[in-house]
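Listed next as structure tokens is one chain, alone, in the form predicted alone.
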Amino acid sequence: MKDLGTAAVLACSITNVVAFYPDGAWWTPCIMEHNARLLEVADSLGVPESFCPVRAMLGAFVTRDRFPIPDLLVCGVGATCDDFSAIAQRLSGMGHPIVWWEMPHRRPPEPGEPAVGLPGGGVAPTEQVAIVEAELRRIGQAIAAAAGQRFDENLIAAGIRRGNAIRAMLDELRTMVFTADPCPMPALEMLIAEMLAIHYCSDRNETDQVLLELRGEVERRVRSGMGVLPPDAVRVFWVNPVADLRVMNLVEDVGGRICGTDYMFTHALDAIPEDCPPMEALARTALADSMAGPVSQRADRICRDAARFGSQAVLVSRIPGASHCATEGAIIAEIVRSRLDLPVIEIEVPSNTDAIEPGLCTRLQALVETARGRHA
């Protein structure tokens, strides 16, 4: 739970282990949470709308009808979402034992302090990498013990190579979709494709096949000049996942297209280093989590990626109740405007947008029209 990408690579490297993130209970899909009463269950347990929609996970553990209760629960704490940490602690109090591991807040190296590069272009003090490496080794040993096996770093190295093959395929897919004109793949499908990198939806072989098919289809569409949106669709960079997945379609309905994303798990998309010991490589990947460091560093990457994909506007979707969303959107917007001179809006997306959809469409249309006017 919580690290979104790193522990899953570790777990999937160990024989006879299936990994998944119960964090994703709020995305399966979100509109069904109301029918399944997951949010109502969370409400009844004192975890109301003041928490982010990940509280659906609490309801899923109580109803036990969304996924099998795991044989082992692993959860990152420290530089993670406050809402999630509180909910995970509640699960522990309800009798679900959790193996906790500490993620330190990524800090800039002091002058002269030894440091190493991270996936995605950042750096971290060597001391922090060593701390996370020790934590992940402890987690790996716990997973191997639960599976009745000996912890073997050679298996981890093989798992990293397998994970990198998937990440490379996804990078090719994202690059083609975000740069081709007309757009060959809609936003919702691409969001789901990116989510596969988090934990392979518990099936690496099937993830391979899905991404291969998607890449092949996009290649065919690009070769034939076929798109799913008009050629003049405005190129929008999207920040943060939405609580109601249907909103991904709205920007396309008003004349936009997604060209670049940061759904809070960019570290699950970057290649894991293969030029260092495997546990150190995973530690570097964990520390590359954009949510584990200053918002300004996350904004740096958003600016780089938006420029790389030729984005014409940036949209920041706030997650209701999420502690990290209170101020980060404004900081990201300010940095993007000052560096790229792009129009930026913030929207808040509840778990069901039926009541606010007309107003939401108006704001999205205004963003698209503003961007189009600048590039007329």
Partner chain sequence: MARIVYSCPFVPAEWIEAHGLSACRALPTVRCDTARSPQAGLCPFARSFSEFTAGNDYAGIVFTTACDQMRRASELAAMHTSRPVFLMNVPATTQTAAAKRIYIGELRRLGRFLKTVGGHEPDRDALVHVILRHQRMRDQPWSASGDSPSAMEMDRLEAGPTLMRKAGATSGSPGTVRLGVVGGPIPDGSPFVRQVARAGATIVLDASDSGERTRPARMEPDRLRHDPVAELARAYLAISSIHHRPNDRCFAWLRREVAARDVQGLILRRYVWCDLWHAEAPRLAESVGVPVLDLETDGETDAAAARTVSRIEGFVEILVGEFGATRRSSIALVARS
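Residue numbers count along the first chain shown, from 1. As the structure is a prediction and not an experimental result, all values here were calculated from the model.
The discussion below concerns the form predicted together with the partner chain, not included here.
Undergrad: Heavy atoms within 4.5 Å of the partner chain in the predicted bound form: which of the stretches 234 to 242, 132 to 140, 253 to 261, 205 to 213 has them?
TA: Of the stretches listed, the one contacting the partner is 132 to 140.
Undergrad: If you check in the predicted bound form, do 121, 265 and 343 all have a non-hydrogen atom within 4.5 Å of the partner chain?
TA: No, none of 121, 265 and 343 comes within 4.5 Å of the partner chain in the predicted bound form.
Undergrad: Which one, 117, 230, 294, 225, lies within 4.5 Å of the partner chain in the predicted bound form by heavy atoms?
TA: In short, 294.
Undergrad: Under a 4.5 angstroms heavy atom criterion, identify the one residue in 107, 96, 304, 150 near the partner chain in the predicted bound form.
TA: Looking at 107, 96, 304, 150 one by one, just 107 meets the 4.5 Å heavy-atom criterion.
Undergrad: Would residue 63 count as a contact of the partner chain in the predicted bound form, using a 4.5 angstroms cut-off between non-hydrogen atoms?
TA: Although the partner chain is absent here, residue 63 would stay clear of it in the predicted bound form, with no heavy atoms inside 4.5 Å.
Undergrad: Does at least one non-hydrogen atom of residue 102 fall within 4.5 angstroms of the partner chain in the predicted bound form?
TA: Result yes; residue 102 sits at the interface with the partner chain in the predicted bound form.
Undergrad: Hey, in the predicted bound form, is residue 331 touching the partner chain, heavy atoms inside 4.5 Å?
TA: Close contact exists here: in the predicted bound form, residue 331 approaches the partner chain to within 4.5 Å, heavy atoms only.
Undergrad: Whether residue 310 contacts the partner chain in the predicted bound form should be assessed with a 4.5 Å heavy atom distance threshold; does it?
TA: No, no contact at 4.5 Å.
Undergrad: For the stretch 39 to 66, I need every residue with any heavy atom inside 4.5 Å of the partner chain in the predicted bound form, listed N to C.
TA: Residues within 4.5 Å: 45, 46, 48, 50, 51.
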